[in-house]
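Okay, here we've got a single chain as structure tokens, the form predicted on its own, with questions on binding and movement later.
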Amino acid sequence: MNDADLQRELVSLPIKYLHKFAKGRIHRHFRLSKRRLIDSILALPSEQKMAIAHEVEQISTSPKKSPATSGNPKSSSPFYPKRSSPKKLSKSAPPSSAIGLQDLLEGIGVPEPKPFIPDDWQKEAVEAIAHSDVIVSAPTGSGKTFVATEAIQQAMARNQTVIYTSPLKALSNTKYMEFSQFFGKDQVGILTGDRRDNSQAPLLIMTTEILRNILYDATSGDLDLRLHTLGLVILDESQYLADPERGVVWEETLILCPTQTRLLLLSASIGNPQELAEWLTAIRPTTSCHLIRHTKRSVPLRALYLHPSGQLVPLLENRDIQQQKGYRFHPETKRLFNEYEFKPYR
């Protein structure tokens, strides 16, 4: 297949296939229009174009769609799911009207200050960390940091060392500044690959790799004095346990942590927290693991669709994303998406 034949075949395909071909081959391909995608594919080295041509041939030789759906672009669009037989609408249920962009943006801003009252799940987590390991699985913005702060205060009141880990240096630096303001600069230290400040402080902020290395040194006989008084380890963003490349660091850290140390795992996106709690109990039989699972979002999510032309519209018909409630795409989003998806190559 020469370049002219390949171009003809690419033009006839929906843009989702072009993005599939470009994945791993073209940088930031998702930002390109169909025309630029085709031009970029044709500019690839010959061996990559041959591989793409083979994938195109496989698509063209795949079983054809039924006559009822062939030639209808809506049938292949995620914004037009396959519908069952039509149902009669209830006369008492008037059709809902989709919200506008102004309605979606309404209310966004700094909320009015209110007195802070901990939720029941936060109180439960703070009480549990005194005698067991704790996993907190709660949405972003729901108050996991409050649990961490209270647990830190409890441990420091008992003259114990606390280590707070995060997966990123930038997040570690942010937590260092945040906790320095809260606990006092002399009470907080930071250890990352390129920064070492106040390393003998009772509260140490570090990346998970740094803690794993400290625990490695302890197993080889080079005992770090901080481990004698280590009372609490907080692992933020603990869903990294499932990361194919870095997950082993979190796993080894949990396995190597001293038995007298309480573990507090925080995450908004652990898919199997119950299994993780059971695993922690299995590898740390002298300590139970208490699971706190909170699913209600304190900060609602709103979704928008940005068209390549720069037009911004609501993604869904309703204002807030309602978890496990189903969704319907906004009519204008459907129109714009399909206009982009099936736009002819020029």
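Residue numbers run from 1 along the displayed sequence. On a predicted model such as this, the values are computed, not experimentally measured, just so you know. The term rigid core refers to the most C-alpha atoms you can superpose between the two forms while keeping them within 1.5 Å.
Same protein, other form: the form predicted in complex with a small molecule, not shown, and the subject of what follows.
Please determine whether residue 273 contacts the small molecule in the predicted bound form, using a 4.5 Å cut-off between heavy atoms.
Residue 273 lies outside the contact set for the small molecule.
Residue 144 within 4.5 Å of the small molecule in the predicted bound form, heavy atoms
Residue-level check for residue 144: yes, a contact with the small molecule.
Is there a non-hydrogen atom of residue 140 within 4.5 angstroms of a non-hydrogen atom of the small molecule in the predicted bound form?
Although the small molecule is absent here, residue 140 would touch it in the predicted bound form, with heavy atoms inside 4.5 Å.
Does any part of residue 119 reach within 4.5 Å of the small molecule in the predicted bound form? Heavy atoms only, please.
Answer yes; at least one heavy atom of residue 119 falls within 4.5 Å of the small molecule in the predicted bound form.
Given that the partner is absent here, state which listed stretch (238-246, 145-153, 180-188, 202-210) has heavy atoms within 4.5 Å of the small molecule in the predicted bound form.
Contact criterion met by 145-153 only.
With the core lined up, does the C-alpha of residue 245 move 2 Å or more between the shown form and the other one?
Result for residue 245: no, shift under 2 Å.
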